[in-house]
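As structure tokens, one chain now follows by itself in the form predicted alone.
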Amino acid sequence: MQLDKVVAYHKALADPTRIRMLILLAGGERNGQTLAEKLSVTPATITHHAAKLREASLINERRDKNTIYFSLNDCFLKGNAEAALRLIYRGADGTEGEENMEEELERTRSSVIRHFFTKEGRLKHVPAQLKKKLIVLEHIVSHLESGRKYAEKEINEFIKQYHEDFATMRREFIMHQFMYREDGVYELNPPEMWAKWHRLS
């Protein structure tokens, strides 16, 4: 997806050392040792940052015997800068951009639900990644009634429709502000209070 690519591009740029490396490489190909000396860092630091830049396709590498040389991937670097501008300005009237963003979010949500839930609606396992976990939790609590007060036994039975570990799931609901508990009674919080997965990278 275009949005994911633009985000990955800017994540790769979000470090002063990586920016300085790119500035030096704009002057031509350099090896890791030269970059380390120019930036007053260790070769290991250059290796680390080069890996991040390579993952985002911002630099090219070539090996000559035991020496690795780095150069800018000009096409990708410039192309993604322009893609970010197009993505932002294509909805300059404030509507198209919002609609496209909603479509991106819905695709992400649907993909996670398809991956983590069986066809029968059972949760295969709780995602380790926070963003995906919040999508899963949001999907489950959306089947509860707003304004209704639930006894703990009712919540346990509700959760067991999706997952056997109801104690863990209850804690997750509370921890991420989907529900609140008072004197053993559970109730949904307003959606505005729920942890927002779409604000996470």
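Start at 1 and count along the sequence shown; that's the residue number. A quick note: this is a predicted structure, and the numbers were derived from the prediction, not measured.
Quick note: we don't show the form predicted together with the DNA, though the next part is all about it.
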Point to revise | Contact check for 11, 17 and 47 against the DNA in the predicted complex, heavy atom at 4.5 Å | key: yes
Review point. Among 168-176, 133-141, 154-162, 38-46, which stretch sits within 4.5 Å of the DNA in the predicted complex, heavy atoms only?
Key: 38-46
Exercise for review: Find out whether any non-hydrogen atom of residue 146 is located within 4.5 angstroms of the DNA in the predicted complex, and reply yes or no.
Suggested key: no
Check your understanding: Is there a heavy atom of residue 31 no more than 4.5 Å from a heavy atom of the DNA in the predicted complex?
Key -> yes
Point to revise | Partner contact for residue 56 in the predicted complex: the DNA, 4.5 angstroms, heavy atom | key: no
